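Encoded as structure tokens, the following chain is the form predicted alone, with no partner shown.
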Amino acid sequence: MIIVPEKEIAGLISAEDSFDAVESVFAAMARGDAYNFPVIREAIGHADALYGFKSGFDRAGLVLGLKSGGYWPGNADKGLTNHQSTVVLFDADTGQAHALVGGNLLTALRTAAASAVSIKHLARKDAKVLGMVGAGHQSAFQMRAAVKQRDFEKVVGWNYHPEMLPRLAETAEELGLPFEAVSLEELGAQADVIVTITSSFEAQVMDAHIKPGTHLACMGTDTKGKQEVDPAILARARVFTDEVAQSVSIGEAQHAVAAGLVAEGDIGQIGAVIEGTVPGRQSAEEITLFDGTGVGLQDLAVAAKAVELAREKGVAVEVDF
């Protein structure tokens, strides 16, 4: 079995590698070549943690496995990231354990890649202002990935805890873009693309905030009860997701569906847009929304790429198992 330790991931897989892997697996899902298994995600009653499994199989790439991990909100005080995960890959022909891969950085990269894929395929070509809602650890990855997809001239940001906004300002400076901390009302008025990446259980971005032509990538809602945006926004928008079943059960669409504002059949797969079987943005005035719930196949795709690169670069640890 191959082990790729967490400490090696940063030197192996780039944001571009992650983008390509995620875009490809989304397309495979739309073709029916790859599918996710049901998600298990539970509060464990200790350390206020959420823990679970995401798994699936990509027949096209013969990638089979699972990601195990979750969210430990107290980890920041211990010098650790709140999200902790490990990916296990299995040989699709024999079922034998094939690889054990550190999943923390991979999770950040694949999540950012998913929103970037949505921006590539759904945002207006002339988008100039990027809006960031949320300033946690993942926000920097999201911003770096987003700016590769459009010629943004400015970043505006909001966070429930304003003291965390320097992370957004520093990331924007790193990218050579001016940054402005704004209210949610002003963010909606300025931004052509909005990325939400929070752990909120209550809508932050409201329908009145969103102007025509905006693309939203809602990336924080991955558990029943979580919510980042007003369900009325989904009723106005053309809604796409990574996987419809997750979108309506644990994603941002769960609230709009429960309120009767959106039906499951109204939600499209981003993979179908990538494949060209479903149109993406159809006008400059249209509002588009990507509900990024985070599917196991994303994790498996980037982990498989990390294993490939680790073997090429001689940093994979091989053990008898």
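Each form is matched to the other, and the largest set of C-alpha atoms that superpose within 1.5 Å is called the rigid core. Residue numbers run from 1 along the displayed sequence. The structure displayed is predicted, hence computed values, not measured ones.
The same protein also exists as the form predicted together with ligand NAD; that form is not shown, yet it is the one meant from here on.
- For the candidate spot formed by 111, 198 and 293, every residue has a non-hydrogen atom within 4.5 angstroms of ligand NAD in the predicted bound form.
- By the criterion of a heavy atom within 4.5 Å, residue 103 is excluded from the residues contacting ligand NAD in the predicted bound form.
- Proximity of residue 76 to ligand NAD in the predicted bound form falls outside the 4.5 Å heavy atom cutoff.
- Using a 4.5 angstroms limit between non-hydrogen atoms, residue 217 is distant from ligand NAD in the predicted bound form.
- For residue 125, no non-hydrogen atom is located within 4.5 Å of ligand NAD in the predicted bound form, even though that partner is not displayed.
- Partner proximity in the predicted bound form, defined as non-hydrogen atoms within 4.5 angstroms of ligand NAD, places exactly one of 185-193, 158-166, 231-239, 94-102 at the interface: 158-166.
- Distance criterion of 4.5 Å from any heavy atom to ligand NAD in the predicted bound form singles out 137 from the list 137, 150, 121, 209.
- After superposition on the rigid core, displacement of the C-alpha of residue 227 between this form and the one not shown stays below 2 Å.
- In a rigid-core overlay of the protein, residue 50 has its C-alpha displaced by at least 2 Å between this form and the one not shown.
- Taking 2 Å as the criterion, residue 199 does not count as shifted between this form and the one not shown: its C-alpha moves by less than this amount when the rigid core is aligned.
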